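Below, in structure tokens: the form predicted alone, a single chain.
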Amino acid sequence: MQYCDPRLDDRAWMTGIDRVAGAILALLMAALCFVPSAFAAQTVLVLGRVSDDPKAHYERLKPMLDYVVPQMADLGIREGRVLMARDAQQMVSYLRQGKVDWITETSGAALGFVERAGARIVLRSRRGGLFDYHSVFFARKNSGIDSLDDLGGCAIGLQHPMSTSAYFVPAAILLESGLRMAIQSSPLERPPPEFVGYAFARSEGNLVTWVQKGLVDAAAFSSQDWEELQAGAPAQAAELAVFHESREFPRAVELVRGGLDAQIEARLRQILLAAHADPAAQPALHAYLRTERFDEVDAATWTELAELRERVRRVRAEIE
């Protein structure tokens, strides 16, 4: 409870009506200075995202906030906001300052926020029919690349530094195979024979184009992306071949910041776990990166996350 002295200075001159007015003023000041803790309670729920396309991500995230916030009115939540970060470092800062309450992320990126900012994974997300998927490495057919051993001196395309399936996992696999990695300023750059060069293409479509046009020798992204390529562009997929696949790992997770009010966290979990059964939630779920439902993090998922954490740590230690 905050306290400030309501007494007025130089009141000796006050008489009659002046003294009455002064007493009333003193009472008003006291009422303003003694602020009950309830008025300091959180009133805004902030959903964060690392994004290089803030407008697109805002349109995907805001409907979910609009669905969740009215169901927290009895807890004092009156408004929902989306806060974008330009990179992981800025998001870590937001989490540490308490500026972001809730994040949805791929599992590898989420583990970075757990370790660096004290965030906590609370749920897993099913997207595209999957709670888990894996990474695939692909190259042009007849390229001479049939295994990871053929990648020395080659250039590989990855998606972006926050991607689990198209950066953290492929990079960890290459390191585990004894291959050294070197970032390139351009996909056309050629690395030394003892290295695998890599460049970020920013999107799955660019990765496919880079491989097809020979800008890079190979690329990696998720098994879900590979299946969508085969279904949506079979002629393109027919020119390519997968030469290595990773183990399964969690597709996406929901996190909350450390220090979030326990009642707000519990209500958020409750709302998200029930959303798939609520017809009113379906538009928000679809907008929310094509999420179908949320579920508890089971023992198998925690084991997968523990294995993934070691891979992410190695990538950060040896490459970044």
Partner chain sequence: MQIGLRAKFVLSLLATTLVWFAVLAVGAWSASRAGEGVLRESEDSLRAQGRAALAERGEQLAALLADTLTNPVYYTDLLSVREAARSTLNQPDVDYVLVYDGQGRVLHDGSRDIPRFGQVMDDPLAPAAIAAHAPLLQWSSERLDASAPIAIGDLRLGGVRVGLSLARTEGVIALESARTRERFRQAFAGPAHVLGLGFLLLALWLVLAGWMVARGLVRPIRELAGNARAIERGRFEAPLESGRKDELGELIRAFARMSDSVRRHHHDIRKLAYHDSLTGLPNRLMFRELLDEAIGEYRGSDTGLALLFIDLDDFKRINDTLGHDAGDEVLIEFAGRFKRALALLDAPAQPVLARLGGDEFVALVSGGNGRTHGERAAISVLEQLKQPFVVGNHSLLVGASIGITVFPDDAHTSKLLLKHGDLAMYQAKQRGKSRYHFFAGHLTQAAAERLDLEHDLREALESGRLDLAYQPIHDLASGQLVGTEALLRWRHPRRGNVPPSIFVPIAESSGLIDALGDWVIERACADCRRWQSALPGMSVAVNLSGRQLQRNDLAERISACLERQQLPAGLLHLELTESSLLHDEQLAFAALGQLRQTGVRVWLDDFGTGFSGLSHLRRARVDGVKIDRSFITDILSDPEDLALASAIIAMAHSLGMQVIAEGVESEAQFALLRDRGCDLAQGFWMSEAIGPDELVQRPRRVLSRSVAALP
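Numbering follows the first chain given and starts at 1. Bear in mind that the values here come from a model prediction, so they are computed numbers and not experimental data.
Absent from the display: the form predicted in complex with its partner chain. The rest refers to it.
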{"property": "Single option in Leu123, Val136, Leu158, Val82 placed near its partner chain in the predicted bound form, where near means a heavy atom within 4.5 Å", "result": "Val82"}
{"property": "In the predicted bound form, the one of Arg269, Arg293, Arg290, Lys62 near its partner chain [non-hydrogen atom within 4.5 angstroms]", "result": "Lys62"}
{"property": "4.5 Å heavy atom contact, Asp278 to its partner chain in the predicted bound form", "result": "no"}
{"property": "Residue contact check: Gly258 to its partner chain in the predicted bound form, 4.5 Å heavy atom", "result": "no"}
{"property": "Residue contact check: Pro54 to its partner chain in the predicted bound form, 4.5 Å heavy atom", "result": "yes"}
{"property": "Heavy atom of Arg190 within 4.5 Å of its partner chain in the predicted bound form", "result": "no"}
{"property": "In the predicted bound form, segment of 46-54, 261-269, 247-255, 280-288 with a heavy atom within 4.5 Å of its partner chain", "result": "46-54"}
{"property": "Those residues of 267-290 which, in the predicted bound form, come within 4.5 Å of its partner chain by heavy atom", "result": "none"}
